[in-house]
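Quick heads-up: it's one chain on its own, the form predicted alone, in structure tokens.
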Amino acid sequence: MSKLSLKHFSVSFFECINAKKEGRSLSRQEMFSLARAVSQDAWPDYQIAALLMAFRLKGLDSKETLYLTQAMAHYSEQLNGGPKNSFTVDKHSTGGVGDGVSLVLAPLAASLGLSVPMMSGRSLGLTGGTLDKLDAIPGFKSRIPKAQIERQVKLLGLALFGQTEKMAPVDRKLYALRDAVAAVDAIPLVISSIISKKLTEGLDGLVFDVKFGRGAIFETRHQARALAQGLVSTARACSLKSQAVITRMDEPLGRAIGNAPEVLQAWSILKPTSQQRRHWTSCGDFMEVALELAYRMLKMAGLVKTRPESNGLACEALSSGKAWDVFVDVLRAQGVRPHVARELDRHLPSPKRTVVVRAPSGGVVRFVDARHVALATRHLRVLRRRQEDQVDLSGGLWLAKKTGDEVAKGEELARLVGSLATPQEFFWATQEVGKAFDIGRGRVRPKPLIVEVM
């Protein structure tokens, strides 16, 4: 982000909240002053929370959203981006059940010549977080200094990291308070949170995966479309090339839901073995999203023109092990021992308990409800109810059956795993998984996963 020439003046909390109460838009100077107050802990949390709720109830117009985004990014350490001869790009997903796509997409994109400084977050609401998944990898350090991030992106094409004390500190504070006051779904605040973090990365382009449905923050396509439009227009106003892919999130992506389970699934997709293509096929919906986002990133960089060309390059990078090599190198660079990095599947946290959910009747799986699956993982302590909650890195579930699969009575539908949940919590989780599966008769016509590109 370019340096901003701005003479700040001090505004009080009361001036800002009174302006919103009266329906007045906040100015650029007021938004920058607000962000400065948050960055310097000049206002107590309860006042900031009250202002966030005012934003949630009264809304922010497009200019206010842009000003808040730029202000949040301004009070942050900035990365220099990738090498001059490369295209620096990142991807952001609004989150979904089983959405561990970043674990495959990031090393894949880097192996194809893109520079990817990927800043990620933790679980929020019913959706998992990439940082929690990376925490399941023994020795992995997600909080790394700016110099290391820049060095890794230059040498390996990829760094996977979280916010530090100096990087996006305003967003870190507002993110936690939004969750606490149920303002997670305020579209202007979602936009400013996402893009302000990305502006600190020194990007040339940004691709959004905006999800809607039973397992997403927003349930309707209309809401997702409004968010996608806001994200793209705000990013472009900040001089970032951008596109948004709107995807359906009524059913879980892939077969794995949880931290260690999703890492293991990604590992199986990346590692070039005789079983690799079988993993691609069994996780067809997961791969569809990953390949679509890879195509958008590569096309934005001018490296491909068509989807078949992009898919060909991506499949070659996966089958040859180029993408896996990048992932292993990044793990090693960020603290993972070499033998663990190359045999990750043998070193992930092991669950202490396993419970199998079986089909109550035979037929065809007509639907797997992502919301019930998410609620099951919450009972298994995979997701946070509060920011300070401990997360079970080994916990989650594996889907043995997905929509369109035939199933016999008593056959396994899903396997629940975990170490922290009590027997009662496991029981509640199995009840939710049982509700998730709709088993009936006749052919199933799946709805399209990729709905729209903006």
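Numbers for residues come from their place in the sequence shown, where the first is 1. None of these values were measured; they are calculated from a predicted model.
Beyond what is shown, the protein has a form predicted together with a further copy of the same chain; the following relates to that form.
Practice task
Spot the stretch among 46 to 54, 33 to 41, 399 to 407, 422 to 430 with residues whose non-hydrogen atoms come within 4.5 Å of a further copy of the same chain in the model of the complex.
Solution key: The contacting stretch is 46 to 54.
Problem - Whether Ile17, Glu22 and Val181 all lie within 4.5 angstroms of a further copy of the same chain in the model of the complex by heavy atom - result: Every listed residue reaches a further copy of the same chain in the model of the complex, so yes.
Practice task
Let me know the one among Glu77, Glu343, Glu309, Asp185 whose heavy atoms come within 4.5 Å of a further copy of the same chain in the model of the complex, would you?
Solution key: When a further copy of the same chain is considered in the model of the complex, the option within 4.5 Å is Asp185.
Handout entry: Option touching a further copy of the same chain, based on a heavy atom within 4.5 Å in the model of the complex, out of Val304, Leu177, Val336, Val355
Key = By the 4.5 Å heavy-atom cutoff, the listed residue in contact is Leu177.
Exercise for the section: May I ask you to check whether Lys58 falls inside a 4.5 Å heavy atom distance of a further copy of the same chain in the model of the complex? Expected result: Yes, Lys58 sits close enough to a further copy of the same chain in the model of the complex that at least one of its heavy atoms falls within 4.5 Å.
Handout entry: Stretch 317 to 340: residues contacting a further copy of the same chain in the model of the complex, 4.5 Å heavy atom cut-off
Key = Nothing in the stretch sits within 4.5 Å of the partner.
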